[in-house]
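A lone chain, given as structure tokens: the form predicted on its own.
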């Protein structure tokens, strides 16, 4: 879908992938609704870009998300593309990670998706057009030691988005579930700050633009699953076909 004159809505817009998506959409001639709870990050995203309109919103608050989407639709115009980028990535062993952190991972990474989908998609489906882009992860396919809570949240994202896609096949809305390997964003730094396992730390992260380019290519080809970068699709296939071998390699890498 050509984005000239269209409206894009981006969550997690205050940094990383969300910020880059906002700027890319604005450069393509779209008007962009940038949503994040980080006011300073939003200001940096919108700086110098008249087409980017920011709203401070917590994606875990359904009423706030609904109100934000309604405001966009009434003041800017109908949303044609959603990038749901909002996520957190604190890591740790499941019995050692703070209980509130484990729940917050699910509230933001999965619950935020539910809120954005239920707030933005009904109008898109009713209009019979648009793109809904959900960010899962290779961690939404491949479980790893020390990543369990993040894995669970991203497995939920993958499952929810897949069913959402199939329930709306004839709607005219295009869906994409993006499953990248490690990406060089502030989100990845959260992982390193809280105990990144060797399984991930030894992988060279890809650049965010590689992910966004893969999304554009996948949408053009009608693909639902988007695996950016080299090896991500192969790793997901290995997990499906040879789970025991995957776990053997992970245990060897981590040493326990």
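Positions refer to the first chain, counted from 1. No experiment lies behind these values; they were computed from the predicted model shown.
The same protein also exists as the form predicted in complex with a small molecule; that form is not shown, yet it is the one meant from here on.
The small molecule in the model of the complex is approached by residue 87, whose closest heavy atom lies within 4.5 angstroms of it. In the model of the complex, the small molecule sits within 4.5 Å of a heavy atom belonging to residue 58. In the model of the complex, residue 194 stays away from the small molecule, with no heavy atom inside 4.5 Å. Contact between residue 215 and the small molecule in the model of the complex is not found at the 4.5 Å heavy atom cutoff. Taken together, 148, 156 and 252 are entirely out of contact with the small molecule in the model of the complex: none brings a heavy atom within 4.5 Å. Per the 4.5 Å heavy atom criterion, the small molecule in the model of the complex is contacted by stretch 59 to 67, the sole one of 46 to 54, 24 to 32, 59 to 67, 215 to 223.
The contact residue chosen from 173, 72, 133, 183 relative to the small molecule in the model of the complex is 183, the criterion being a non-hydrogen atom within 4.5 angstroms.
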